[in-house]
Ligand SMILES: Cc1ncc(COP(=O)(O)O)c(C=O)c1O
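The data below hold one chain only, encoded as structure tokens and taken in the form predicted alone.
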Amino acid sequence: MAANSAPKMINAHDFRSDFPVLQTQMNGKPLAFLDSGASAQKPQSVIDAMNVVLEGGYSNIHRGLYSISQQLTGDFEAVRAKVASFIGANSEKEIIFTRNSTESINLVAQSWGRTFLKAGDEIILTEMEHHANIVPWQLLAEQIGIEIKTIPVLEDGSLDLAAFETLLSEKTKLVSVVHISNATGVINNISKIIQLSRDFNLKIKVLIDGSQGAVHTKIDVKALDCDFYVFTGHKLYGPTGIGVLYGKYDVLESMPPYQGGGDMIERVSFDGTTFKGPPYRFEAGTPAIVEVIGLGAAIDYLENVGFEYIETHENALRDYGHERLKEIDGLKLYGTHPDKTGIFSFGVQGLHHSDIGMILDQCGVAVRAGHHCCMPLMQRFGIEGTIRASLGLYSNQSDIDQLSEGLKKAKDMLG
């Protein structure tokens, strides 16, 4: 959608019909799907785009001289250009296809990190990171002896940026921060974090985990000036098995391959191998061809809806949800900072989150119960886990009402 065009204002009830699963029931109740933060449902257009390839145009890509291979190669590479445009990259050469955000971060850790970091160098994470942005750096610390520091989380779920400034040192080489917390929905001020890093030392690299960010808001990596930005297809209304790593081209060009194999080489002999430039250097083996096509269809769908609409719609539902949750005695919400998206993370006094989740299931409400792959953040709040209800562009007030009524029933049954 053109930047200056008006958003396509669509009532949630109108486009819920684009998602087949939302026309079904769960345990005899209308499905209130409130687990989009874990993995979003798929519109029919994404399903159809993948089926078209599987039914009538599948082949391997990049090497075939026959027509359907050449056609699919063109379609595949067109998605790379589409992703570059979607996030505001300078070139499709800055877009690497991976399996998911987790692999994207591991790629940076093992390629850039193993090459440019040494024992004693420091990287800065946050207390709210998903395990996917913690464990790869811990593995690297075990391998080469880097030090990991963490930005504290305040009581409202936001980051203590004053503390962040004190963590920066001449040893800081990387800052790696989640854009939007998957556990609480709090939106981090990544522009300020990047600027503080640059002001301290222009050589500090910045990686942003956009697994939630790319879903809920329009991304412009050039304006952000981050070195890396990662996101995953399955949260973006696309298929599983496909993720994206954006990297500034000069940074990618300085990095060695992450894995070796076919399609990432210029020439192989037993005397040595020469590699292609980015992005192909990092895409060894047959890629997720059908999934890339599905990702392209998901981006088309999102851009047709428009992020202006998505943000307005989800923010209105967020506010409505907060009001309904206030009706539940003993409910405590985690992540109360006003700058947040449509993720409700909460507990109910005296009740275990798993028990609540099971009762909500019987009420047709799909939520996530547990630590949400954010165990350090749960420890920060002094809890084992929460109930997390997360919105998508297809969510509506009926979903929130069904959640509220289900919580009241859980209190009655368990209290």
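Since we're looking at a predicted model, the values are computed, not measured. Don't overthink the numbering: it's just position in the shown sequence, from 1.
Here the subject shifts to the form predicted together with the named molecule, a form of this protein not shown in this document.
The named molecule is not drawn, but in the predicted complex it has no heavy atom within 4.5 Å of residue 290. In the predicted complex, the named molecule lies farther than 4.5 Å from every heavy atom of residue 84. Mapping the unseen interface onto this chain, residue 313 falls outside it, with no heavy atom inside 4.5 Å of the named molecule in the predicted complex. Remark: residue 207 does not count among the residues lining the named molecule in the predicted complex, judged by a heavy atom distance of 4.5 Å or less. With the partner removed from view, the residue among 172, 217, 102, 110 that has a non-hydrogen atom within 4.5 Å of the named molecule in the predicted complex turns out to be 102. This chain is drawn without the named molecule; in the predicted complex, the residue among 146, 79, 180, 151 with a heavy atom within 4.5 Å of it is 180.
Residues within 4.5 angstroms of the named molecule in the predicted complex, judged by any non-hydrogen atom, belong to 227-235 and to none of the other stretches in 70-78, 159-167, 301-309, 227-235.
Interface residues of 190-228, taken as those with a heavy atom within 4.5 Å of the named molecule in the predicted complex (partner not displayed): 209, 211, 212, in sequence order.
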